[in-house]
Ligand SMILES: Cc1cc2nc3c(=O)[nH]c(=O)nc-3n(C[C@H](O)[C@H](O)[C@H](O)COP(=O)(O)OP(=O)(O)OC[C@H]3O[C@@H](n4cnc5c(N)ncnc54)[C@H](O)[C@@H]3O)c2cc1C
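Shown here is one chain on its own, the form predicted on its own, set out as C-alpha cells.
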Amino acid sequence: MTSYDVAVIGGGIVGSAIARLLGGADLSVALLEARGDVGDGTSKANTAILHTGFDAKPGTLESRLVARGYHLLGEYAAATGIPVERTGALLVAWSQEQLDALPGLRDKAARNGYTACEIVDAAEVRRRVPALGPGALGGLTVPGESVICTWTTNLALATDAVNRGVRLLRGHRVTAVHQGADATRLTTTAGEVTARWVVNAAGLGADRLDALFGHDRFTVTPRRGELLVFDKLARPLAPCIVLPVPSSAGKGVLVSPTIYGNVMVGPTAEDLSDRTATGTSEAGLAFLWEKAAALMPALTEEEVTATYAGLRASAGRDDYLIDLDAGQRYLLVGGIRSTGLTAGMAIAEHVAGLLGEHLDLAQRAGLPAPPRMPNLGEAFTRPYQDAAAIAADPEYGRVVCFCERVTRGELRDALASPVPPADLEGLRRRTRVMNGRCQGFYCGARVREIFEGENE
C-alpha cells in the first residue's frame, strides 16, 4: 500500500509518538523516516533527562506539554520497561547573583505547576553532592527530575506504532510535495507515498519540509551540544543531576548520571549551519574538561570513555510551533527542542486534539498491549544477572560485549524485533553493545559477525 489516511514524517521520538497514537484509531498510517533507522537524528543524542518542566517559560505550549509529557512518559515507561532513575536534580549557585536568582526560579517552577522545589544552603548542597568543587553558596532542589533511556523511549514508541498497524517506511526522505484536491503525493528517495493528511515532525528538516508546502515561517538552526562521558567508576561522584543556575547565556553545563551507569558532562551550545555536523571538536571538549574540573574536580581523575555530540533543532523562538492547516490537510510540529524527549507523548496528544476535528480518532477495541522493552538500565536487572532467564534460555548467559555485559540472547532478540536495527549503530542503541570502555575494540568483530549472520 502506498496510499494512507495519514503520513507522519519523522521517526524520532515526537513522530513515533504521533504515529503510535494515530495507529490506535481506525486509520491507515505511515511513518516515514529519511534515515535507515528510527531515532537516528536528534533523538539519539541528548542529555536524556525526564524533565518536570520546572524551568520552562510559564504560559507557553512547551511548558504545558512538558509537564503533561512528564507524567505520560513516566507511566508509559513503567508499562514498557523503559529504564528511569528518579535521581532528582540540584541547581547549584556559585555566585551571589546566582544565589539571589534561586527564589525566582522556585516561583517560576510553581507557576509551571511544580511546587516541590526547595532552597537549601551550602552545607546541604555539600551533603547531597560531596564531590562538588569548592565555592557553592546554595542550591535549589528539583526532586522530580530523572534520567531515562532516550534510545529505548524512541524504540518503544515506534515498536508500539508498528504493532498497532502503522507502516514504518525507513529510508524515505521526502524531496517533493504535490498537493491534490483530496490527497497529497509525497515524492521520496524510495518512491511515492500518498496520504490524505500529512504531519511534519521532521526535526532538523521540519522547516525545509514546511517550505515544500509553500510556507516560510521559521528556520531551523542546528545547535550542537558536545558531551563527555566518564567511566562507570565515576558514578558515585554524581548521585543526582547537578544543574547550573540558568543565565542569559543559556542553561549551561550540567553533570549528570546516565541510565547506563556513567557520568556525563555537557552539553556545549554552538549554532551551526551544517545539519549533519555531529562530530566533536577539540575546542568543545577542552571547554567541557575545564568545566568538569571546576564543577567536580575528582571527575578529572577518572577516565573518559566516550565523547559525542547531538544537534538540537533551534527555531529561534521560546515555544513549540504546532499549527494545523485544514485547507492543505497539513500539520506542522516544529521547533521541538531537547524537551521533546519528555514532551513527545503530550505533543502527540495535542496533535490528536487538532486532527480530531477532521478525522475520527476514536481508539480501536483490542489494541495490542504496549511492548515490553529490554532493560538497558544499569540500576536494574540485566539478562546476564538473571539466573531464571539464563536457565530458561542459555543465550542470556553468553556474554559477547564484556564492557557492557551484553549477551548473545539480547543481540538475537534485537535482530528479530519488530523494528530491527539497520546497522551496528542501531544494534548498539538497542542493546548497549560496543558502548563501554573499549567502544567495540574487543567485541566489534564478533558483533558484526552476529549482525551479518542474522541478516543472511
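Quick note: we count residues from 1 along the sequence shown, nothing fancier. These numbers were taken from a predicted model, which means no experiment stands behind them.
There is another form of this protein, the form predicted together with the named molecule, and it is not shown here; the text below is about that form.
Ala48 is the sole member of Leu27, Val400, Leu61, Ala48 with a non-hydrogen atom lying within 4.5 angstroms of the named molecule in the predicted complex. Checking Ala346, Ala195, Leu341, Leu295 for any heavy atom within 4.5 Å of the named molecule in the predicted complex turns up a single hit: Leu341.
In summary, the region of this chain contacting the named molecule in the predicted complex, judged by heavy atoms within 4.5 Å and restricted to 374 to 382, 299 to 307, 136 to 144, 166 to 174, corresponds to 166 to 174. Site residues Gly88, Val92 and Cys117 are none of them in contact with the named molecule in the predicted complex, judged by any heavy atom within 4.5 Å. Of the heavy atoms in Arg428, none are within 4.5 Å of the named molecule in the predicted complex. The shortest heavy atom separation between Ala34 and the named molecule in the predicted complex is within 4.5 Å. In the predicted complex, at least one heavy atom of Arg337 sits within 4.5 Å of a heavy atom of the named molecule. At the 4.5 Å threshold, heavy atoms of Ala201 reach the named molecule in the predicted complex. Applying a 4.5 Å heavy atom cutoff to the named molecule in the predicted complex picks out Gly310, Leu311, Arg312 from 304 to 329, in order along the sequence.
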